[in-house]
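Single chain ahead, written as structure tokens, the form predicted on its own.
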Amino acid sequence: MHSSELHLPDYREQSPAVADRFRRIEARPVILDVRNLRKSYEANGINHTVFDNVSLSIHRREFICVVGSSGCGKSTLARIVAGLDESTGGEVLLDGTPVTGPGPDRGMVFQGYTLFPWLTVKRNVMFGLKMGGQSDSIAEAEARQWLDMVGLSKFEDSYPHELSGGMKQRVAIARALANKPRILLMDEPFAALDAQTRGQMQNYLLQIWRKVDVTVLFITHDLEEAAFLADRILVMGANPGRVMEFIENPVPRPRHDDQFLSPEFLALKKRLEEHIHPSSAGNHDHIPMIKMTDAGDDVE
């Protein structure tokens, strides 16, 4: 089947299983409500708008991916929801309460490895629990449960520098979930990993998500990753950032690697690519070519 023949199916008409999944999602309460959010800043006397009029509602236990070209404000949106950055307009409500700063009801996993290098794996996971007032014994017991959840019990006494990149991010996920947040915010957490490890981490994350009562807002620039992970995909445009479309993912769950070649997956990826890399963009920037050497022949 050629890509030009692919069409994103209407899940309500063509897939009873997917339609039932979305009916169940829509029946759940809204946990995160973003209303007319705006972010701008001033530099050299010029006001720059990062994004404007961004609105979305996310239901409990929903897995949302946000995609868009560089500069559309994906990471800034996650930081505002986390309370690490302030908006210049609109509001963010978590369980109906305005977000005014960081809190234990939101966990955050960044692209970089943010573990404390001087603490063991277990102590890294215990850190937030201890800051929340838990005793050493309770924090240790809970940390061990989360390390077992992410498959790293054998490494509880290791230090971050002794772990692979994927293992570090699993510890970071365990640490973020240890406080039992209402929502887990993930800002391109697998971008620095090699392709094989990245695929493994995506499968790990889905396994963890199925076992934990948590809602996920996942920022990524990888369209296949979004299609593989998400219930719905928020597509943002740039200059300024804005919501272009909120796409319901027709790929059935549970997800597996074979689906990367399914008609639903390919149609969804094509739809995303048309948003992020529209064919009508046409004119590419011309790079000035300066010949530095004469090899005696022409090279394409």
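Residue positions are given as counts along the sequence shown, with the first one as 1. Only a predicted model underlies this, so the values are computations on that prediction, with no experimental measurement involved.
Unshown form predicted together with a small molecule; subsequent notes refer to it.
Exactly one of the stretches 120-128, 200-208, 70-78, 225-233 approaches the small molecule in the predicted complex with heavy atoms within 4.5 Å, and it is 70-78.
Site annotation in the predicted complex: the residue of 34, 268, 65, 50 reaching within 4.5 Å of the small molecule with a heavy atom is 50. Within 4.5 Å of any heavy atom of the small molecule in the predicted complex lies no heavy atom of residue 246. By the criterion of a heavy atom within 4.5 Å, residue 41 is counted among the residues contacting the small molecule in the predicted complex.
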